[in-house]
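What follows is a single chain, given as structure tokens, in the form predicted alone.
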């Protein structure tokens, strides 16, 4: 077995076969760290036909997480050897979710290993007393952040591995501090290699940065099989689990949870709208996230500014998208919205990435600016820069979801090939203003 030496920048992860004084990628001085990797002679590659591989895959059974919504979002459950990267804000419930999945495995007679690199065993035990009424016997807890010891503990007796968290793990072979780019990358590679070798699924909990991305090199997200973001506001009880990447199922799926005193409870039919009379500045619409549809309420507040620079605040709706819509309103509707403070909020703390709610955002802005109610009317459509309303995907599913909550008056783009009662078609934001009676 030979050893191959190379140098890695501890600041950005740049690799080079030669030592460097200044990193050519990030410009950091004296950041080169020597890494010695053992190279062993690989066995000959095994070639199988696709038919044989399919027959072998048919015998693999997915493991349930205990949450039907989460199982559906993952494509039916967790596969043996699947590595899931779970990221989210501090306190959103990542450790709680992981511990509840361990409890489900324990109930099915499967042994799990929970590696708590941030907490002690006593702290994990206190949390389990709050979450579980019984004492799970198959959950093994280890308070250790030395990766080499964790890898030695892992064997075929375990059916699930939890790493909490990746940024606090370290490998003694890497001469840098825990949480550095080099440590995160090395630990992730070794965890994935060991889990694939033993066909043990694992959930790796990861911290996120201020920008909302998982801390560490982007390579980690490419190495794992599934990337999951756990979202939620601290002042609300709702939590949204969003599948960003999934090699064994569809990506973009979501699962809704509610944080209670007894842990996380899945929400089958979440309500992100208020059934009372809609005051000015409110508009209902339907958003599509993955394969699910949600009726959501868009709230807007437009007030004349008292400063030279108007404020723009958005909660749950992309800020860049909001700025585009404000420019469209000012340009094509000739309204002085650029001299007003604008606040937009999606009720319930849900973050919407679907452009199909553009028309509802415009409607809420116009309603608030001119203090006129939209009433029991729902708007669906994507707004383009030329002021026209564009067709959106899964329009029939959106309309069905809106009608289930008792709303029959719906406005959709004119390009949609639908002919039903109580559905009005428009082609632009100017026409939308006339229909709403605000222009």
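Keep in mind that what you see is a predicted model, and the values were worked out from it rather than measured. Positions refer to the first chain, counted from 1.
Here the subject shifts to the form predicted in complex with a small molecule, a form of this protein not shown in this document.
Not displayed here, the small molecule is kept clear of residue 299 by more than 4.5 Å at the level of heavy atoms in the predicted complex. The shortest heavy atom separation between residue 130 and the small molecule in the predicted complex is within 4.5 Å. Looking at residue 93, you'd find a heavy atom of it within 4.5 angstroms of the small molecule in the predicted complex. Interface membership of residue 307, defined by any non-hydrogen atom within 4.5 Å of the small molecule in the predicted complex, is ruled out.
Exactly one listed residue, out of 135, 152, 122, 262, brings a non-hydrogen atom to within 4.5 Å of the small molecule in the predicted complex: 262.
Listed residues 111, 89, 318, 341 were compared with the small molecule in the predicted complex; 89 is the one with a heavy atom within 4.5 Å. Between 350-358, 252-260, 166-174, 187-195, the stretch whose residues reach within 4.5 angstroms of the small molecule in the predicted complex through a non-hydrogen atom is 252-260.
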